[in-house]
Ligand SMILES: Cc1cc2nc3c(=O)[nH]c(=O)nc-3n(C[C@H](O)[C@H](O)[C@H](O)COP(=O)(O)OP(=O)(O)OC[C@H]3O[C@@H](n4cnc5c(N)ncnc54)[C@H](O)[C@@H]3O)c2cc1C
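In structure tokens, the next block holds one chain alone, the form predicted alone.
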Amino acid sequence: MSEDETNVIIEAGAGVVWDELVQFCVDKNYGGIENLSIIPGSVGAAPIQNIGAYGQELKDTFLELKGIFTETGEEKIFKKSDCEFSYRSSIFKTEVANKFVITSLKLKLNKNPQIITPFKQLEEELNKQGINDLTLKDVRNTIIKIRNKKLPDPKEIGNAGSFFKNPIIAKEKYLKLKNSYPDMISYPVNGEHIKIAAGWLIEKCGWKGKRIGNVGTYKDHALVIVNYGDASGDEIFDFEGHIKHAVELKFGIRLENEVNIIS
């Protein structure tokens, strides 16, 4: 770990539980990853899909990572510019997928953090608490409360979190859809593109809480596919195909998987 007056650089091993790292940083008042609280998984998995939540993404604080190519044993350091980070993707999910093992990563965090609460649900929950001077701990605890309320615990019911990416569409197409569906949940990306909440699309197609055999969407969050019993990979694959078809038929939007499917 190194630091100056404004920033601190943290290095964490790939096997560290991600949320334990978040907890450590919040306790130290190091800002930049507090909105990524209780995302399941390890530190080494975080860069693969550039994890993100509530207005923060890993790439925002990412500095570099170390790892090993599995075929040659060659060690390599990937700087941020090498990683090809994008929405829920990176070079580790594409070009070097299954060819490179991440061993550690470095993050550059802020010792004088700015509190980021851009999402309506988070803002509303914080306002309910009537806290005047928000801290990182306030944000983390509130996000944990929200996520525990709407997302299933993978220790209790099998799931991989958000199964689909929030699709990004052209602003022109968005405006046409918004005219027909005024309650559409969306977020601006830039002047030409809008991100649509995939969970909203799925729910509007009647798939929230729907179950076929041992597979279904979670009752409180349509974006999460859950395994209610001994569902096979083929059953889950068929189920997600039905959801994609329904959304494309109704909205003309093709959902993309956020999870990796290994055949």
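None of these values were measured; they are calculated from a predicted model. In this text, residue numbers run from 1 along the sequence as written.
Just so it is clear, the following notes concern the form predicted together with the named molecule, a form of the same protein that is not shown.
At a distance threshold of 4.5 angstroms between non-hydrogen atoms, P113 is out of contact with the named molecule in the model of the complex. In the model of the complex, G216 stays away from the named molecule, with no heavy atom inside 4.5 Å. Though the partner is left out of this view, G31 does not reach within 4.5 Å of the named molecule in the model of the complex, counting heavy atoms only.
The closest heavy atom approach of A46 to the named molecule in the model of the complex falls within 4.5 Å.
Only one of V189, I185, V101, L126 comes within 4.5 Å of the named molecule in the model of the complex through a heavy atom, and that residue is V101. None of L122, I169, I91, A160 but one reaches within 4.5 angstroms of the named molecule in the model of the complex through a heavy atom, and that residue is A160. The candidate stretches are 133 to 141, 174 to 182, 77 to 85, 152 to 160, and the one lying within 4.5 Å of the named molecule in the model of the complex by heavy atoms is 152 to 160.
Residues I48, Q49, I51, G52, A53 are the ones in 48 to 83 with at least one heavy atom within 4.5 Å of the named molecule in the model of the complex, listed in sequence order.
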